[in-house]
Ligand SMILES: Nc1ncnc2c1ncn2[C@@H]1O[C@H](COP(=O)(O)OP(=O)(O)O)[C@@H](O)[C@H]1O
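Consider the single chain below, provided in structure tokens and representing the form predicted on its own.
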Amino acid sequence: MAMQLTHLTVRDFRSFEAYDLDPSPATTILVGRNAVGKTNLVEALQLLTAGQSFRRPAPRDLVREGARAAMAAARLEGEGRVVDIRLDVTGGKRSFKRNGKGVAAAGVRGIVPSVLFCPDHLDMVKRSARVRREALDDFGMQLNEQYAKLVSAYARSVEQRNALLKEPVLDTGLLEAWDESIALTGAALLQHRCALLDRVRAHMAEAYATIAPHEEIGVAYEATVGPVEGASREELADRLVEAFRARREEERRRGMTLTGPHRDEIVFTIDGRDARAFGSQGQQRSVVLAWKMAEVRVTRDILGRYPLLLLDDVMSELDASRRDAIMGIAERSVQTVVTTTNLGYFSHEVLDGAKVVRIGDE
């Protein structure tokens, strides 16, 4: 049996004083009124599988009001082993344990990766480029430790270079040394990003065709240093250094690094037209749905197993055909946890095969 979530425990976590969940190996539907804590359980699951939360909370935000510390723990079983993951939040800090031994957030990623789909994601197409870059990077970080290290190292390098650019007196020699360093890291990140996007693109096209069979979706990566495909890491690094030099006066004036992966764009098109500018709301939502469906399949391709699919209150935001499309994934051996306020969004077939858990009912 593939590794799956078999138990979740939270104590003084967000709105919960104590709660235990034994999910189904197939589909678990958490149903309840708004503001009863359904999303808090999804957040706990994402923290325990991805090492981070879509809410990007400060540690103190995870602690129930009036409590001094919070805890969330998950038991993962399969492939002949048992893995216990625990998150403790105390003293304004959070810490992870894996089978009782302290680990960094990276130590919990990839055991059972998770794919989250929530209402905030539905605006991914029309929001800023940063949202799309983060969506790709957050996904890649769960699949590949080197990817995660590059994202972290590159972000630190940009932050430090920006600080140097803001200095009253610029040390040109030091800046050039940073240019070389950040260019090498940035070039490696570019290659990792584009390789992952290639995988996502292929599955997105297939998924979108099931949602909108008469439309053609396109996905392109637009780098500030020009085309990435076919370029060596050394060539990309050289391009970055050249761009830093060409824009030095502007960067100095604005106090920020203006070229690199942190300024790149991911562009979606429908029948050749920019989905951000010309796509309807329904088309834009179909793009995001296809992206999430692709994440599930890419996880299977790379890791050899499906992720934990977390669907947080998206059923109310989708029409019947799109609900059927996303639940179609859940029917193919994907362990799924869904939150909803209304069981009427689900077909009888889905409900018959699901474990329904009521949250907030006395």
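All figures in this text were calculated on a predicted structure; none of them were measured in a lab. Each residue number is its position in the shown sequence, starting from 1.
A second form of this protein, the form predicted together with the named molecule, is not displayed here; the remarks below concern that form.
Closest heavy atom of residue 37 to the named molecule in the predicted complex, within 4.5 Å or not? Taking the distances in the predicted complex, the answer for residue 37 is yes, it comes within 4.5 Å of the named molecule.
Since only the chain is shown here, I'm wondering whether residue 15 would be in contact with the named molecule in the predicted complex (any heavy atom pair within 4.5 Å). Residue 15 belongs to the contact set for the named molecule.
Does the named molecule get within 4.5 angstroms of any non-hydrogen atom of residue 64 in the predicted complex? Residue 64: contacts the named molecule in the predicted complex.
Is residue 68 close to the named molecule in the predicted complex, meaning a heavy atom pair under 4.5 Å apart or at it? No, no contact at 4.5 Å.
Region of this chain that lies against the named molecule in the predicted complex, out of 302-310, 321-329, 28-36, 44-52 [heavy atom, 4.5 Å]: The contacting stretch here is 28-36.
Are there residues in 110-135 with a heavy atom within 4.5 Å of the named molecule in the predicted complex, and which are they, in order? Counting only heavy atoms within 4.5 Å of the named molecule in the predicted complex, no residue of 110-135 makes contact.
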